[in-house]
Ligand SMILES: C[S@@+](CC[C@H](N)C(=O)[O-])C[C@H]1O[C@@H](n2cnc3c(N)ncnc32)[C@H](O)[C@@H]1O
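Only one chain is shown below, in structure tokens, and it's the form predicted on its own.
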Amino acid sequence: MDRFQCPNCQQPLVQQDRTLRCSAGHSFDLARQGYVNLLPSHHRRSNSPGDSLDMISARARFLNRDFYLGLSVAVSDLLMSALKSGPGEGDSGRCVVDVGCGEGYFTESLVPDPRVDIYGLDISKPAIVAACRRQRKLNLAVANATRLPLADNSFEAVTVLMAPFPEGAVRVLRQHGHLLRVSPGPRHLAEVKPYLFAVAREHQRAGLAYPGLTHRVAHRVTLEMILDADAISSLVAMTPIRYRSRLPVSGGTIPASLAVTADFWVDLFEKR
């Protein structure tokens, strides 16, 4: 956990037993599950920020059935290729951080090489607790993506998978390090949307221009899934779609079995 920094004063955090301390005297205890909470109360807009326990549980139910396994493999393959071409000598001592890691389905398989240190951050405490249950070897923290409590120039790669682009991502990347982003493609969940919205629109392409980053790779991943009623229920419940939709809008409920397209853009950027 030596890449974390104090969210209050931005000084390095040093682990002493089960506590992380900075030189200014701020301290953060490790929870019994193994994560650290680096989200001070004055950095929160609510008492329970981020995804709720219900959303996290639904996401785990859906992802644990490996409907998105093809995306996980594509992300891992591209990230491993980027690490081999990026800064550093060999794989030992390299660090990757997954910002907005959720319950850790993708995080635990980002890099199969155990010599690469994996960090995961999410503003949702239920998400980080669930990620701890999935993989105890991850360096996990409750944290705000707009105030990344991470040391400058300390990571070879940052991943942002179906999450908002984090402020500070360029700051924490080493020179020629990589940012890997997954965003929805135009056809993502197209077959489900007519049952949820009066007007079903395609997803717009996420932007490719960020200060300090050069876009290197654009890769499209399309998965065809046959979802049963439980999977459809979990899919709707695991995303903000549940709050934006008005069920039912088409005169009927979603069928008990439905062929659904999962459509993603996987983009790789390099720090200039």
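Residue numbers here begin at 1 and follow the sequence given. All values reported here derive from a predicted model rather than from experimental measurement.
What comes next is about the form predicted in complex with the named molecule, which is not displayed.
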Item to check | the named molecule contact at residue 173 in the predicted complex, heavy atom, 4.5 Å | outcome: no
Checklist entry - At the 4.5 Å heavy atom threshold, is residue 97 in contact with the named molecule in the predicted complex? => result no
Checklist entry - According to a 4.5 angstroms non-hydrogen atom cut-off, is residue 102 in contact with the named molecule in the predicted complex? => result yes
Checklist entry - Using heavy atoms and a 4.5 Å limit, would one call residue 119 a contact residue for the named molecule in the predicted complex? => result no
Item to check | Residue stretch of 102-110, 76-84, 150-158, 184-192 approaching the named molecule in the predicted complex, non-hydrogen atom distance within 4.5 Å | outcome: 102-110
Checklist entry - Given that the named molecule is left out here, which of 169, 130, 138, 123 has a heavy atom within 4.5 Å of it in the predicted complex? => result 123
Item to check | One residue of 213, 38, 232, 63 in contact with the named molecule, assessed in the predicted complex (non-hydrogen atom, 4.5 angstroms) | outcome: 63
Next on the checklist: Pick out the residues of 134-155 whose heavy atoms come within 4.5 Å of the named molecule in the predicted complex.
Outcome noted: 143, 144, 145
